[in-house]
Structure formats: C-alpha cells, structure tokens
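First, one chain by itself in structure tokens, the form predicted alone.
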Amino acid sequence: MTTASLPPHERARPLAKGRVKPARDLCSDCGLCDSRWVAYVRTACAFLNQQFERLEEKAHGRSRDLDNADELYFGVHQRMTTARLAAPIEGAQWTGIVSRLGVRALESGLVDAVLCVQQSPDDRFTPVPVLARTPEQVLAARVNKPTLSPNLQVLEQLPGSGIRRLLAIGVGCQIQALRAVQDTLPLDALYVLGLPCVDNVSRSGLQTFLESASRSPATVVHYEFMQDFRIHFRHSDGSAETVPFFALDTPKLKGVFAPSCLSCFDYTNAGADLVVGYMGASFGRQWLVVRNPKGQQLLDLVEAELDLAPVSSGGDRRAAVQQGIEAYDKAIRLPGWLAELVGVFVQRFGPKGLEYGRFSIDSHFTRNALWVRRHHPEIAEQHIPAFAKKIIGRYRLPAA
C-alpha cells in the first residue's frame, strides 16, 4: 500500500507543539490536532463545525426533542437518576462514581483500556491524559483537573497497542471530536463516559482564579461550583473552605475563562453514552444521565454499589438568571457581607435539583451567546445550536 492510498489519519502527522490550531483562539486544546487524526479537525472540531443533531443521531439513534422540556435542556436520554457510592473511594473528589466505573470496566473485561486524566508529578492541576490499563492507573486519575486537557492526544498510541475496546472519559468538546472520528479509530468497541463541563481555564488562568477566590491557593487539592451556590475548596490538610458565587471578584475573573468555554453549548455532554456530574442532583449526590443502551451497560457495572434516589426539582430559576445576566455583563462585585446574605437567601429559596441544572444552563448559555455575538459575530448564527437559541430566547440580553 502506498502512502497516498492510506486514509487521511494515517497519512497525517501530528502538528508541532505551539503551532496555530485551526480553531485559533477558540481552540479547547482537546488534543486531536496533536494526533494523526489532525486531518479530520476541520469537520470534527466543535468550534469549527457545530453538529449536535448529527452527533446525537450517530450516538443515540435520534436527536433531542426540542418540545420536550427535559430533552431541550439535558439532551437525549433514557433515564435520569441521582446516586452516590455506598462505599466511597478514598481521595475521590466526591464519592468516586466515575473512578469506580473505570475500574469495573477493566475488571469485567468490557474494555482493554480507559482514557482518563492523571496529573503531573510536579503540579496537581496539570493534566496528563493516559490510556489506563489497570485499576491502579484509573484510580491515579481520580479528582477533577479544571484546566484545558489534550485528552485525544493519546489516540496516537492506539495503533499497535493491542487496545480494541476503549472507555473514553471526557468533556463535551473532547467527546464531540471523538465521535466525529470514531469510525476511523482502530477499535472494535467504544464506550463514552461524559462529564458536564463549563468554564475551564489555562493553567495560568486557574492560578488567577485560585489566588482571587481561595484563602490558601497553594494548598487547594480540588474545588467545585456546587448546588448550594458556593464554591467548595478542599485543602491538602483536609480542611474545607466555601465561598459564595456572589463573592467572586467578577471584574478580575471575567476574562480568565478560555474562549472555547465561553463559546461552548455542550454543558451536558450530548454525545456521551452515560453522563455523571452534580448539576441536576441535590447537594452531596451525583446526577446520572443514561443516554442509550451502552450508557445503561456502563451503569450496570456499578449500579449494585450505588445509593440511588430519583431526580427532583424545586424553585424557579428565571428571575435569578435574568438578574445574573445583567450583573455579569456589568462585572458587578458584591461586598462580602452582602454576598453572604444573598448566598444564604438563594440557597434557601433558590432552584434545586433539575431546576438548579436549568439555572446553570440558562446562565451559561445566555452569557456564551452574548460573548459569541460580540467576539465572533461572523459565526454566531451557525455556531449557536437550535436548542440553545430556544433557551436563550426566554431572556433579555444586553445589546451585542
């Protein structure tokens, strides 16, 4: 076989580090450009070619029903539930459902490897994507790394590796690109475990955030924006710290998030088989969305180990979203005492469960639509998907 007759991903070589990527400033550093699958980037990249209907039809057999209130927000699904591990994994960010799934997928023989993200030995928050072959390697990836991560870079290792069945764990932009090249991968089976994701940053941007928000940025082990409208920090000495959303230094942080995240509309990871996150659950639990039979197959691996509870919903998000749009656009920062007071009020009377999920989606979609219209008006019409336009249309946005 001549080089010219090889498929594009076999002919192409990875781009050199530091080169300008096709998505330019919108690049989320998903890693596809650093693999031999770079030839597919212009059609696979979520920031060059939004294709939610095709993505959902390919992964689930149909696209979401925009007239179904739950599917409009949360995507195609067969089942939604909330859970926590009955026996939590030590050192996990919450109870460790994602890590346990990865371990069970290997132990059961469902897959040969798990694409997950470990950390640099020199820096807790520097991501190191790996193809984990053992439970120990999966467990070494526990705890979220809230920075841009080139997960798909490790696709380069697949040819000749002996890996024929893969579980890939990733966020929306990574999964959109992975689904686009799925049929060209040297795999017999692919399972996708998705994480809900918004507002990632570069490593330097993360440092700015930590120094602005935490009392001890050097000792933060992990953090999460949680359903009680507070950021929960865990420190290396085991202590916890919480900060109200409303106390953040918005003027300083407004420009810290990656442009890719400010132009993303895949918060709920529409292309995954199974999604595990916190956004639609009550505090202390995880929200699980089974999108297709493969997703249920993954959940079957751990369901007997879970404390399950139905999803619930309460409160009304709409006024809080509208007020948040205006406050963010004007970069308003509340005094500490007022931020605490607002936080207590919203925690008690604000949206909960699935309604909190809708609050978060509404807040981010309206913000991101405005950002795209201001910074990339030439792509706004085709880049903002139909489901996001329907959600955004319920609110008054400042002029672009």
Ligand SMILES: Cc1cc2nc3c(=O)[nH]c(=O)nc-3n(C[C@H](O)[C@H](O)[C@H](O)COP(=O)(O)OP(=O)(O)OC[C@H]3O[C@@H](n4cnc5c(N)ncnc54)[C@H](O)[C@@H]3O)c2cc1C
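Residue indices: 1-based, along the sequence shown. What you see is a predicted model; the values in this text were computed from it and never measured.
The same protein also exists as the form predicted together with the named molecule; that form is not shown, yet it is the one meant from here on.
**Q** Only one of Leu210, Val290, Val117, Val103 gets a heavy atom within 4.5 Å of the named molecule in the model of the complex. Which one?
**A** The option sitting close enough to the partner is Val117.
**Q** Sort through Glu71, Glu224, Glu326, Glu303 and report the residue having a heavy atom within 4.5 Å of the named molecule in the model of the complex.
**A** Checked against the cut-off, the match is Glu224.
**Q** Counting only heavy atoms and a 4.5 Å cutoff, which of 290 to 298, 165 to 173, 308 to 316, 213 to 221 contacts the named molecule in the model of the complex?
**A** Partner-contacting stretch among the options: 165 to 173.
**Q** Looking in the model of the complex, is the named molecule within 4.5 angstroms of a heavy atom from every one of Pro146, Asn200 and Tyr278?
**A** Yes, the whole trio is in contact, each within 4.5 Å by some heavy atom.
**Q** Does the named molecule get within 4.5 angstroms of any non-hydrogen atom of Tyr267 in the model of the complex?
**A** Because a heavy atom of Tyr267 falls inside 4.5 Å of the named molecule in the model of the complex, the answer is yes.
**Q** Residue-level question: is Phe246 within 4.5 Å of the named molecule in the model of the complex, judged on heavy atoms?
**A** So Phe246 does not count as contacting the named molecule.
**Q** Examine Pro196 and determine whether its closest non-hydrogen atom to the named molecule in the model of the complex is within 4.5 angstroms.
**A** Yes, Pro196 lies within 4.5 Å of the named molecule in the model of the complex.
**Q** Can you check whether Ser263 is within 4.5 Å of the named molecule in the model of the complex, heavy atom basis?
**A** The answer is no: Ser263 has no heavy atom within 4.5 Å of the named molecule.
**Q** Within 4.5 Å of the named molecule in the model of the complex, which residues of 74 to 96 have a heavy atom? Give them in sequence order, or say none.
**A** Stretch hits, in order: Ala92, Gln93, Trp94, Thr95, Gly96.
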